[in-house]
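As structure tokens, one chain now follows by itself in the form predicted on its own.
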Amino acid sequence: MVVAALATTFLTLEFNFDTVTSSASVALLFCMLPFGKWLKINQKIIQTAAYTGCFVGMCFPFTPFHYLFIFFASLVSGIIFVLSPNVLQGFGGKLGSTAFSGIAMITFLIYLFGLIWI
């Protein structure tokens, strides 16, 4: 999840792709390559986590340390993703809600400790 989020952010900030194009490119890459065979993990879980990471990477950069922000937001989103496998099962929007939760928690922590740079 962290790799997909950082890759999406990198494509957006460094190559001036729009967020949707960079997210779709990274998601397509993770769906096409057989990471599951290399890592001996279920391919569908890797694809789902990467897709959630792409949602995290679409976050608007509002701090000078945006890559660090995305790293921690995707880490928190990954923890939420692992801890809630059956929550919202069968409902649309689970991956986006998971990504939003991670971003919201890190944003709240930045605001709480007064580390916001706008």
Partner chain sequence: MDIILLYISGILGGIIPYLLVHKKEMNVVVASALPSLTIALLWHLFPFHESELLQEVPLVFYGASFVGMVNQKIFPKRLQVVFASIVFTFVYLNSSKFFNGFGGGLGTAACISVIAIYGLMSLKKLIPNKNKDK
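The structure presented is a predicted model; accordingly, all values stated were derived computationally and were not measured. Positions refer to the first chain, counted from 1.
Only in words, not in the display: the form predicted together with its partner chain, which the text now covers.
- Contact check for F55, L88 and G92: all three have a heavy atom within 4.5 Å of its partner chain in the predicted complex.
- In the predicted complex, at least one heavy atom of S23 sits within 4.5 Å of a heavy atom of its partner chain.
- In the predicted complex, at least one heavy atom of A104 sits within 4.5 Å of its partner chain.
- Contact annotation for Y51: at least one heavy atom lies within 4.5 Å of its partner chain in the predicted complex.
- Proximity of C59 to its partner chain in the predicted complex falls within the 4.5 Å heavy atom cutoff.
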